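First, one chain by itself: the form predicted on its own, in structure tokens.
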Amino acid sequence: MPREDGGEVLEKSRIVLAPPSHKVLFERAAKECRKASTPGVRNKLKRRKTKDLECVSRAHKYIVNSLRKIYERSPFIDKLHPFYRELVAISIDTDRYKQCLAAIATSEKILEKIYFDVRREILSASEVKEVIAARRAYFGRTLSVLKRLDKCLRQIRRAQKILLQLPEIEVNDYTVVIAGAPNVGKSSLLRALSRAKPEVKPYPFTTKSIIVGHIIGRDFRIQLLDTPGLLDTPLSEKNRIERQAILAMRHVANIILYVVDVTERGGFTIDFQKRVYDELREGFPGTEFMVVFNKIDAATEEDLQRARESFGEEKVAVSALTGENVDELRNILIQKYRESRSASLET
């Protein structure tokens, strides 16, 4: 299956968190208002106008700039690379997210109208009490707008926090997706092959999201993705955690490294692991697969023979725990990268 190109990556560093509530935004705007200086003017009306104009201007600028940063620097789902677009879609309510960003963007025009209306009222005021009334009207009307945005601000903040937890993946890098049933040693293998330090524990489903590692040399850079464990269910029936693995394989994988626990001590039989493998091969017929037998440090010859009979002769058998044959596997991946690069240069 050819990899998909085009679309933006998820730039988490650009995201500006929405405030926890409209009250927080309003209170900060009021604080900006209080920074307005008192001009050294004898005329009481002019002095009041100057100060309150600055007060309203400061508050308005703070609110509008804050809202603008939220909607301009939050990811636009439809512009993302297909991998990220689908990953986001299984993580948040994208329809609600889009509606709320649109509501925040639209509110700027309303707030601008309020500001310029009040500004005219202050400038045309003939008495101090009219200036004060106009300033109060500004904050009252602005607060009403922000109140209507409260649910959206909270929604966007929740979504942003989820987005900030998503993996940062270079969608154009040569990518090896490490896949397999739960507890077969995928995370241990990632740690052995790269500098990544994923959580490794002796029970299934430790990996609940994609973990990124790299093999880097003078003339190569290979991205490794450790994916959540897969069960023997159809691709369409995978749960949210499993679907992250499927998305990585669908959109960014140059090669899928299928890891097999030949000892079966992780809780899944060879037959089960072969069913998962067959399901993947059927779902991704155009993607290169490479089977790796793992945990050979604890395996018997009978274990290896049973795995060979099910999967065929392995490409390489390793122990992610002891490091046995890991260098050989790393060199195979580097060679595959170079072959892929040569092929792409020829086309």
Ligand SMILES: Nc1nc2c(ncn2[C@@H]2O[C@H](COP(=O)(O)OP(=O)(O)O)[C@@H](O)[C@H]2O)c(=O)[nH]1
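If you're wondering where the values come from, they're calculated on a predicted model, not measured in any experiment. Don't overthink the numbering: it's just position in the shown sequence, from 1. For the two forms, the rigid core is made up of the largest set of C-alpha atoms that agree within 1.5 Å on superposition.
Beyond the structure shown, there is the form predicted together with this ligand, which is absent from this document and is the topic of what follows.
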property: Non-hydrogen atom contact P182 with this ligand in the model of the complex at 4.5 angstroms; result: yes
property: Proximity of E282 to this ligand in the model of the complex, heavy atoms at 4.5 Å; result: no
property: In the model of the complex, S187 touching this ligand (heavy atom, 4.5 Å); result: yes
property: Partner proximity in the model of the complex: A298 to this ligand, non-hydrogen atom cutoff 4.5 Å; result: yes
property: Listed range touching this ligand, judged in the model of the complex by heavy atoms within 4.5 Å, from 54 to 62, 287 to 295, 41 to 49, 27 to 35; result: 287 to 295
property: Residues of 103 to 137 having any heavy atom within 4.5 Å of this ligand in the model of the complex, listed in sequence order; result: none
property: Residue shift check between this form and the one not shown, rigid core fit, C33 Cα at least 2 Å; result: no
property: Rigid core fit then N43 CA moved by 2 Å or more between this form and the one not shown; result: no
property: Cα displacement of A298 between this form and the one not shown reaching 2 Å, rigid core superposed; result: yes
